[in-house]
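The chain that follows stands alone, in the form predicted on its own, written as structure tokens.
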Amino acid sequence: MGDYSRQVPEGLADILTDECTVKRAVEAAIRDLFLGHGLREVSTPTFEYMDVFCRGQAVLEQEDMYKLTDPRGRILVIRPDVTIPIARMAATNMRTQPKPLKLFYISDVFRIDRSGLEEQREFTQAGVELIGAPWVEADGECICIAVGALKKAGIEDFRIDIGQVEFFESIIDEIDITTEDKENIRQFIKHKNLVAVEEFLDQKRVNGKLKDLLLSVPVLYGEVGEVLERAREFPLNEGAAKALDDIQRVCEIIEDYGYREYVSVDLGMVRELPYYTGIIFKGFTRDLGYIICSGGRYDQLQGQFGEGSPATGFAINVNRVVQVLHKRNSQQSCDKRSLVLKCGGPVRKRAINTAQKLRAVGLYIELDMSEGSIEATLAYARAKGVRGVIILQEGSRLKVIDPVTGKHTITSVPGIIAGLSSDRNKCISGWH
């Protein structure tokens, strides 16, 4: 048996200082935006009974979950998803609260990806759940909150693809095939495998306009108006036509927010999680080949826990957002609130007093009580990437040295505080 004491488990990673600083800043920015939309924060347990995730539409594969047992031998899982536990919580502990429930969370998720395509097995999700909201307008609001959160976190070059699960489901229901066959063609559509779709339809002797439509579904992607116009050229059943109307209404709300440039329509987007029932969406950025945001409507999930209620929501993968920001700026954190204050000997009391005043207004002040030289302190500050080194001068004057350039300014506590407000606005922007 090997010695793993110097390693972390597969799919997990240490988050070092600079990246952790950005991650906390991203979480704070997203939390602030969620609160600004009138959402209220909740948190579910890290451990849940496996039964929560293995009934009705709330089904996740057991092989995708980390399992353990409680003292009585009952099987628990480490939180593999947050939407399902919130549905349980809303149907039980929150059932008497007025609807709609407008909830958000920022929680760690633990999931095993057996495909080998994802290396993350622990990651942080920041998500929203609107429960008791049957209106398409709630789907539009969710997407706009997601767009706003990504922008607030510092990402601009991203795209949200919007679909509607009933568009494909309504069309495929016109063919008399087994559930297994439906799942097979669903996977072909998902991966935009036109050859496999055509072979399947030929095998099932599907011809005419229905065949033409199903062959077109994977490529009905792009600008909202153009895609919807192309789709409506086909003879659609009532369910598929309603799905297009839902997308149209959602996109009108997005346009009212001024976010139309961030969205596209993908009618080849199919149900991946069993509880999705309507509008679904995914967010991508050019910097990563991974999804950074996903969500959709799940009107029947809460009923699995005793009280049915329509709902919609989404989750942002915070770790992926941090990766995007870090990729765009591989230098150390730009947080201008961090400084080192030279302290020691006869000036110690004054240095401590100065540090307390600056900390009170939101600056991060590290005291250097070493006996080392100014040069050593500057080298230390340079290695940490902080804003500067403060050295006490006569009276109330402070000397602030830039550890990179060596240039200095003479200022005071009020002078440093005066520059703080502009720095607050820049503390994440340097990672754009």
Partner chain sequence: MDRFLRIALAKGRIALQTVELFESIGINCGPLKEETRKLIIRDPASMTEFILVKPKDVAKYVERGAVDMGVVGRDTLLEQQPDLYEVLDLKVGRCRMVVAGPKSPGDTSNRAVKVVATKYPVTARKYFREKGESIQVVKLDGSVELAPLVGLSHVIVDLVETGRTLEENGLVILEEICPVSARLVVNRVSLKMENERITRMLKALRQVLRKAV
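Note that this is a predicted model, so its numbers are computed, not measured. Numbering follows the first chain given and starts at 1.
Although not depicted, the form predicted in complex with the partner chain is the subject of the following passage.
Taking the partner from elsewhere, Gly289 is found to have a heavy atom lying within 4.5 Å of the partner chain in the model of the complex. Although the partner is absent here, Glu272 lies within 4.5 Å of the partner chain in the model of the complex, judged by heavy atoms. Interface membership of Asn319, defined by any non-hydrogen atom within 4.5 Å of the partner chain in the model of the complex, is ruled out. Contact between Arg79 and the partner chain in the model of the complex is not found at the 4.5 Å heavy atom cutoff.
For the candidate spot formed by Lys23, Asp32 and Arg328, no residue has a non-hydrogen atom within 4.5 angstroms of the partner chain in the model of the complex. Contact with the partner chain, judged by heavy atoms within 4.5 Å in the model of the complex, is confined among 356-364, 253-261, 276-284, 87-95 to 276-284. For the residues Ser216, Asn237, Gln248, Asn193, the 4.5 Å heavy atom test against the partner chain in the model of the complex is passed only by Asn193. Distance criterion of 4.5 Å from any heavy atom to the partner chain in the model of the complex singles out Arg159 from the list Arg232, Arg159, Lys99, Lys151. The single residue of 211-243 lying near the partner chain in the model of the complex is Tyr221, the criterion being any heavy atom within 4.5 Å.
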